[in-house]
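The chain below stands alone and is given in structure tokens; this is the form predicted on its own.
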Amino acid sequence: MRADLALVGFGHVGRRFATLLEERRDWLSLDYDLDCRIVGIATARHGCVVAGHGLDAIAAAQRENGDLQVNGAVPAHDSFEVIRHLARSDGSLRVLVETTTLDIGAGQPAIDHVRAALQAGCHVVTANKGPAAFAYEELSALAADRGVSFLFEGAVMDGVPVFNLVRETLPAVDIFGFRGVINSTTNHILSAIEDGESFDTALARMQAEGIAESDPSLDVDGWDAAAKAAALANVLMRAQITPLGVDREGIGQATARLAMAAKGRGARVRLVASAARTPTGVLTSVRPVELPESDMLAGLRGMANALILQTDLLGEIAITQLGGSLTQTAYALLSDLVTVGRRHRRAPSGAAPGRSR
């Protein structure tokens, strides 16, 4: 079964996905009957290209200057032309792979990309938190109406199966809350502070190692964690909120002082994202919290993340990730692609795959 893909966003994650797709090509073919072909790439800085018979995304990924003119590809006007080209392809599956940068103000242009693909009858997999954090109900309903999938496992905790775990293995379980450490940069900084580094030194080292961006405000101000918290609350608890509605406090010099004082008391400070269902709705927050050493979240160091789901039937369920990388985020996209293929083979003609939980 041939799957035609369009990559909208071709930064570090998109390029790693392209190489991972090639590395796992035989596995995808033999184990999942997926023959994948990339028919379009769209970038914000280096233009957009399409190719009717597929293009060499590996060659494009390896070019330092970002040049996309490879393997007979022809220029496209913009990302939406790339999506329209995908919708006209003759693959058994047509899948948009959306990896543009998170816009914390409104989730754009990722939401418009996802919406356009779904309306055209294409499946969507994305590592962008924006669509689930700002428009989950609309987009999941649209996907169900068009009989296609809208999947986003890479939006939270890289490739660790959070949404898949709940959707596939927790039927009839109500999730009424969660708490977790879900931003690697801030956790790495807080761990370094506990080891004696200053906040500024720890942050500078994170930037030098490529863990934090040159503008780290999305992480240290708590916005990345707020977007993830909103996505989790929307999908797992039907919260219908956005990151702007999350009670948010990031980390800074004052947090460093709190962290060292807490360590002296045998405790740890972590940036904790949480949600709880109340009579007035789902309340979400992201803030530094002092935790006793016995708390599972207190023991997370470096790039480690964890999420604790609070359920009615199974009590608390913990999901832990000991490290994150581009490969793990790219794997989340690959995993979602396999899920799309499985759904396509199982579904009767014209049947909708159902809404992602």
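The first residue of the shown sequence is 1; numbering continues from there. Given the structure is predicted, the values throughout are model-derived calculations rather than measurements.
One more form of this protein should be noted, the form predicted together with another copy of the chain, which is absent from this view; the next part is about it.
Handout entry: Ile58 within 4.5 Å of another copy of the chain in the model of the complex, heavy atoms
Key = Ile58: no contact with another copy of the chain in the model of the complex.
Practice task
Verify the contact flag for Gly159: yes if a non-hydrogen atom of it lies within 4.5 Å of a non-hydrogen atom of another copy of the chain in the model of the complex, no if not.
Solution key: Heavy-atom contact with another copy of the chain at 4.5 Å: present for Gly159.
Problem - 4.5 Å heavy atom contact, Pro292 to another copy of the chain in the model of the complex - result: Heavy-atom contact with another copy of the chain at 4.5 Å: absent for Pro292.
Exercise for the section: Indicate whether Ala172 is a 4.5 Å heavy atom neighbour of another copy of the chain in the model of the complex. Expected result: Taking the distances in the model of the complex, the answer for Ala172 is yes, it comes within 4.5 Å of another copy of the chain.
Problem - Glu168, Glu209, Asp195, Asp90 - the one with a heavy atom within 4.5 Å of another copy of the chain in the model of the complex - result: Of Glu168, Glu209, Asp195, Asp90, the residue with a heavy atom within 4.5 Å of another copy of the chain in the model of the complex is Glu168.
Practice task
Would you mind picking out the stretch of 284-292, 24-32, 50-58, 37-45 that comes within 4.5 angstroms of another copy of the chain in the model of the complex, counting non-hydrogen atoms?
Solution key: Heavy atoms within 4.5 Å of another copy of the chain in the model of the complex occur in 24-32.
Problem - Heavy atom contacts to another copy of the chain in the model of the complex at 4.5 Å, residues of 306-321 in sequence order - result: In sequence order, Ile308, Asp312, Leu313, Leu314, Gly315, Glu316, Ile317, Ala318, Ile319, Thr320, Gln321 come within 4.5 Å of the partner.
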